[in-house]
Every structure is written in structure tokens, then in C-alpha cells.
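Given next, in C-alpha cells, is a single chain: the form predicted on its own.
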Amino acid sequence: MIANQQTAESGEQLTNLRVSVIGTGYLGTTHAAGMAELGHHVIGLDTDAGKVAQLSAGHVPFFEPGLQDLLGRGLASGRLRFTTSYPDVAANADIHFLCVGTPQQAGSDSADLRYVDAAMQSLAAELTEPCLVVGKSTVPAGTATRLAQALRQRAPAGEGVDLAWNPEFLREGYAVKDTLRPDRLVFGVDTDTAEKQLRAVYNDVIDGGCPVIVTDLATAELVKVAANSFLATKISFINAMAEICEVTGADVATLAEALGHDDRIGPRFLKAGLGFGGGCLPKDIRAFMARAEELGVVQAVSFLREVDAINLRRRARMIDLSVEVLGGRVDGKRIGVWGAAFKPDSDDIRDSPALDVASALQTRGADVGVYDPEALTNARKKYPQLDYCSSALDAARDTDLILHLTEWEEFRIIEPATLDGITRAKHILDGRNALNPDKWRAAGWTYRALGRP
């Protein structure tokens, strides 16, 4: 039953819906808090009792700007709570958002759907009344149709259970904004009822002018992986140009500026540097290729292999450049690394280019000290062999070389003069093309960056 007793079939406005969010990782926690902010009654579910306890106490177990406050408001309003019980969720929600992770399979490029399947099976067993299940997880093409069939077969409510797909487009560091003020909403549906219920969920967002694309399940599944593949391609394109610039003496930053003024291209994601990482782009483009191969159309996305290869080559180039600047060897040298997260405004270190480079240099014999404003706790767990520092200046102390590898504002605004007498040598490599070359060189530093003379 809908919480306010108005039915989707009636066409009347639905408000204060009863919503569940299955999985309280990065996506699920943000979505649950966002749904409560939009006025719905939300119950978040996770099988990890420790995580549920943390969230229930108002603590977000990862860093995302603005999310802690959003969570606190939801809990204080009484519209948001968390549980480990599927029966609790089924009894207290009519619309269920599936937000569990789809990591890359060990030893394979394919997406690991075990968590999606397990969550769907556990939820289906408890669905005794008509309801809507909405997938938000990034899944291979064909998954939604398979899950829809399994859901209706296993749920006691049978054909009364609808499945829709509503892909997420969250950017780490901007996830709260992207939830409450997205640039588009995609509804993959096969019934009018499902579309009406989704429009009710996002009523305030739609009234605010957000475009809505209504499509089928297969297209909705493809939107997220296609978007990520396009972004990855654009990033790797400018990094491929950086490789050309390095051998021709051209400046990739100026090249990107010139390209960006073309309205057909635009300036966004045309910033050369160390490349992309994180839990989405790398694994999504690999899973896309794997699924395309299964479908017999791998030629259509074969270019993504080179996109991935270009991205990884930038890390290798940063290592080679470090060796070059240090006179041909890094063993016994002290290197300070500014950045551990894969991007600023996040504590996510999954497939972090910064830590990949830092670890490789440490393996070659360098003494590597790392500082990041938010990601050190996570970094210490995965890379315990590295030395971790309390500040950017601490990481720079007695160094022969500084590497700027994550574009935090804290690093961008550092004045070279503040490092006088702290470092052993004045060498800095800008892996993000975010520092001012003229300022650093004027202060007596050797400044190098990927793709710049």
C-alpha cells in the first residue's frame, strides 16, 4: 500500500512515500539521505550490522562533503532509519531502491553480480504486496530483464511486483548535489505505473526543471556505462595528446584550452594529467568490454582497451619522469607525495593513481611520504608499507622531489616560499597540471608536468 493511500493508477500526486534503500555504501547512503531530504519516509538496509549502527548514530563511514549534515537532518526528522532486516523493509516500504555494489570480478574484467543477485533474492522472498523495485546499481546489459523475471517468480506478490531501472550519476565530491539537483533522470520502465511512481519519488526534483528521459530497461542500463565510457575516452584522448606533446615540445594545457573553445568539444574533462581512477570508470569500462564480448559485439567497444591502456601509461610516465628528475635512480631518495585519494573531495582510494605511483616508487627503493587531507586512514590499510605524514609540509620535509598527484585545493594554494628550508631539493612534478608553473619556477624550483615543456 502507498503510505498516503493515493494510488499510482489514479494519477494523483503521491507524496511522503515509503521508500527503502538496499545497500548503504557510497551510493546507498547518499540516496537514502537524499530521499529523506525530499520528504519521503526512508528505511536503509545493510547486512553489515556495524555499518547500520554507525549510520543510525549519524556517522557517515566515508568522506563526502555535505553528506554528514544531510544524514543528520534525515535522522532528526524521523524520516530516516536503518535496519538489517529484509522483513522490516518489506513491511515498511512500497518502493525499494537497489543500491548494492557491482565490483570487478577477481581475475576477470566482468562485473561481479553476486551482491545484486543476493539482495534481490532476499528482498523478493519478503514481497507479499504489490510494490516497485528500482535498480540503481551499474549492471551489464540484460541484467534488468533477468532480474525482473526472477523477481516476479520468487516474490509471493508475483506479477504485482514491478521492476524499473533508474541509473545513478553521482560524482564523488558532488554526490549530495547530484542527488538533490541532478542534471537528468533516466527511468527505465515497462509499465505506466512504474513511471508514475518514479515521478512521484522525484516530484520536487522534476518540478525544479530536471529533464526526465523515460525509456526501456535495456537502454536505462546502458546509459551509465556509456556515459562513463565517453568520459574515460575524453580523458584518455587529452592524455594521448600529452604523450605527443612530450616528444614535440608542445604544451598540452594550451592545446586543451584551444580545443575546449570548440562548442562541439567543450573544455570539461580535457585536462591532461595522471588519469582517472576510483570505483567507477576503470571497472565500468572493463565490464562494458567484457559484456560486449559475451554479446558478440566486442569490436564496437574495442577502442576502450586503448582508453584503459593510455590511462595506465600516464602512471608509468610519472614514475619515469620521477626517475629522470632525480638523475636516473630513486633508491635512497626521499619523495613527498601530495595526495592519496583518486580525486579531491573524497577519501576513496580505489584504483588510486596517486597511491599506485607512490607504491611503485617505494618498491624501487625510494623513501616515500604521503599526505592527503581525508584518505590517509584508507591508504594505511591498503598500503601499510608507505610512510604517512600529518600535513603537506610534513610530507615535503627533507625531500629530493615532491609529487602533486591529487588536486586538493590545499595543495593548489601552497606558496613555494613556505617550503624554503624544508625540502632538500627544489624539484616538483605536477601530476594534475593544477599548479602555476611560472610561480614555482620563479621561486627557483624545477617544475615538470605531464604533457608540458
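The first residue of the shown sequence is 1; numbering continues from there. Since the structure is predicted, the reported quantities are computational estimates derived from the model, not experimental observations.
Note that the form predicted in complex with uridine-5'-diphosphate-xylopyranose (UDX) isn't included here; everything after this is about it.
K.L.:
Is there a non-hydrogen atom of Q197 within 4.5 angstroms of a non-hydrogen atom of uridine-5'-diphosphate-xylopyranose (UDX) in the predicted complex?
P.N.:
No, Q197 is distant from the partner.
K.L.:
Using heavy atoms and a 4.5 Å limit, would one call G275 a contact residue for uridine-5'-diphosphate-xylopyranose (UDX) in the predicted complex?
P.N.:
Judged by the heavy-atom cut-off of 4.5 Å, G275 is in contact with uridine-5'-diphosphate-xylopyranose (UDX) in the predicted complex.
K.L.:
Answer with yes or no whether R171 is in contact with uridine-5'-diphosphate-xylopyranose (UDX) in the predicted complex, where contact means some heavy atom within 4.5 Å.
P.N.:
Contact with uridine-5'-diphosphate-xylopyranose (UDX), yes.
K.L.:
Y115: heavy atom within 4.5 Å of uridine-5'-diphosphate-xylopyranose (UDX) in the predicted complex?
P.N.:
Y115: no contact with uridine-5'-diphosphate-xylopyranose (UDX) in the predicted complex.
K.L.:
Please identify, from 102-110, 258-266, 117-125, 278-286, the stretch that has a heavy atom within 4.5 Å of uridine-5'-diphosphate-xylopyranose (UDX) in the predicted complex.
P.N.:
Selected stretch: 278-286.
K.L.:
Of these, K271, R317, R81, R152, which has a heavy atom no more than 4.5 Å from uridine-5'-diphosphate-xylopyranose (UDX) in the predicted complex?
P.N.:
It is K271 that has a heavy atom within 4.5 Å of the partner.
K.L.:
State the residue from F97, F342, W338, W165 whose non-hydrogen atoms include one within 4.5 Å of uridine-5'-diphosphate-xylopyranose (UDX) in the predicted complex.
P.N.:
Going through each option in turn, the one that passes is F342.
K.L.:
Hey, which residues along 219-238 are within 4.5 angstroms of uridine-5'-diphosphate-xylopyranose (UDX) in the predicted complex, non-hydrogen atoms only?
P.N.:
In sequence order, K224, N228, L231, I235 come within 4.5 Å of the partner.
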